[in-house]
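Here we start with a single chain on its own, the form predicted on its own, put down as structure tokens.
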Amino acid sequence: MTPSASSSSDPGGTPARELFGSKWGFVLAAVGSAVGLGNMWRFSYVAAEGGGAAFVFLYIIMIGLLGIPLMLCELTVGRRTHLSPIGALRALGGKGWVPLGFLFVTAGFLILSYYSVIAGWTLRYTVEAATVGFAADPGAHFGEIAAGGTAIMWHLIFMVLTIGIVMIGVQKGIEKAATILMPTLALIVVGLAVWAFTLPGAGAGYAFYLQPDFGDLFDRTTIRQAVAQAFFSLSLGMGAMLTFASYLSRDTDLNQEAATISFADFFVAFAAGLVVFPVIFALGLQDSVTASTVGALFISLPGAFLEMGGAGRLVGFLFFLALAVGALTSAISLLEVVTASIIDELGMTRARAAIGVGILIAAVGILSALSTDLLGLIDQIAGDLFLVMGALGMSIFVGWAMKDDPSAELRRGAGPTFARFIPGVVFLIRFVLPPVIGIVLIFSIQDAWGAITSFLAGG
């Protein structure tokens, strides 16, 4: 399929817009957006702390009841308008909804500013594993490279990679990168999971990860974490799916695509846990895994790989390569949200928009590269609070404020299998998403306020 103009019936009469070359190109790009550092590590860690199989069960339920309907909200708005967040919300809701579009763009901007710092860490660990191996004292090494000049350097290298892909375009840049990177990521993760199965002591790791404790099904914290993971792991609430959907043709079955993306995202996250915990338990490092996910990821695991000798160096290289690939595909979607908005709102060329906003994001990100405390604060505000606010706004907009009937747009291109579920999906969007997300928002505000006061108090 070649790039084509959007329909003349599009709100606002948008100009010719490049489209994804195939539905699989879109799916892989969207999955790449969803699969990132937090997804690959945070899912397995929260699952282990939240009752193992009980959390996984709750997570699957939340994906079906909340995650997929919320994703369909963004996909519906993006495909209907063929516009980025600000223009799309203006076209379907009027000027009063423009601030929600700005919230999406702001969230993408801020998240990428610190996300690229963490991604730079993974890039550095990948290169070190391939060249000099892991440090003898992983804790001290991470303390040396987490902030400062080297952190800035790797942050900037990662941003250059991200900018380079986005500036090339939708088909030649984003889609082509996704079709190479996502299968690579899946093969690495699956291969590592198969290898981890052979480790002595792997069974204890699986038990820690998946042993059912169904009493946690009714634990308020576990439920809230499952809801939050469903939102965050699918890149919802920041306009990424909306932006990617703006490059879709009219005959795409949004319902099928949402289901495929959600399943693929869960598969990669779940498989990553099948790698992490067998490794940790096989080497008896479970006591070193604390509430710090960063510590476990960049200290405990490199220590584990170091103890394995030559095989551990190869496995560690592949593991951090998978993390770097996941980070890159997610970063591409974050930068695309901001870039597409600049293109649509200011009429700037793609290359100039990607380079311009990319430089600004990289400059802001230097602050996070200088202070991990500041990085954590921005993550709490942009990566948590802003996403929940965006998710709540999107569910209310599509369910109650959008001038077009969401059912009609969801039926466009839908096959009979998924069409029968559309009334139920619309019901969830209107009556379930707003109150549930509203409750999560209350907790997010409390957590963000706590993080702010702690930062201002000096820790």
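We call the rigid core the largest set of C-alpha positions that still match within 1.5 Å between the two forms. This is a predicted model, so every value here is computed, not measured. Just count from 1 along the sequence shown to find any residue number.
Beyond what is shown, the protein has a form predicted in complex with a small molecule; the following relates to that form.
A residue is said to contact a partner when one of its heavy atoms sits within 4.5 Å of a partner heavy atom; Ala151 fails this definition for the small molecule in the model of the complex, lying far away. By the criterion of a heavy atom within 4.5 Å, Gly50 is excluded from the residues contacting the small molecule in the model of the complex.
Although the partner is absent here, Ala29 sits far enough away that none of its heavy atoms falls within 4.5 Å of the small molecule in the model of the complex. For Asn39, a non-hydrogen atom is located within 4.5 Å of the small molecule in the model of the complex, even though that partner is not displayed. This chain is displayed alone, yet in the model of the complex one of Tyr247, Phe134, Phe232, Phe277 has a heavy atom within 4.5 Å of the small molecule; that residue is Phe232. Shown without its partner, this chain lists Ile111, Ala129, Ala196, Val388 as candidates; in the model of the complex, only Ile111 has a non-hydrogen atom within 4.5 angstroms of the small molecule. Considering the small molecule in the model of the complex, the lone stretch of 153 to 161, 235 to 243, 83 to 91, 304 to 312 in range is 235 to 243 [heavy atom distance within 4.5 Å]. Contact with the small molecule in the model of the complex, defined as a heavy atom within 4.5 Å, is made by none of Thr122, Phe298 and Ala322. The rigid-core alignment places the CA of Arg430 less than 2 Å apart between the shown form and the other one.
Taking 2 Å as the criterion, Phe397 does not count as shifted between the shown form and the other one: its C-alpha moves by less than this amount when the rigid core is aligned.
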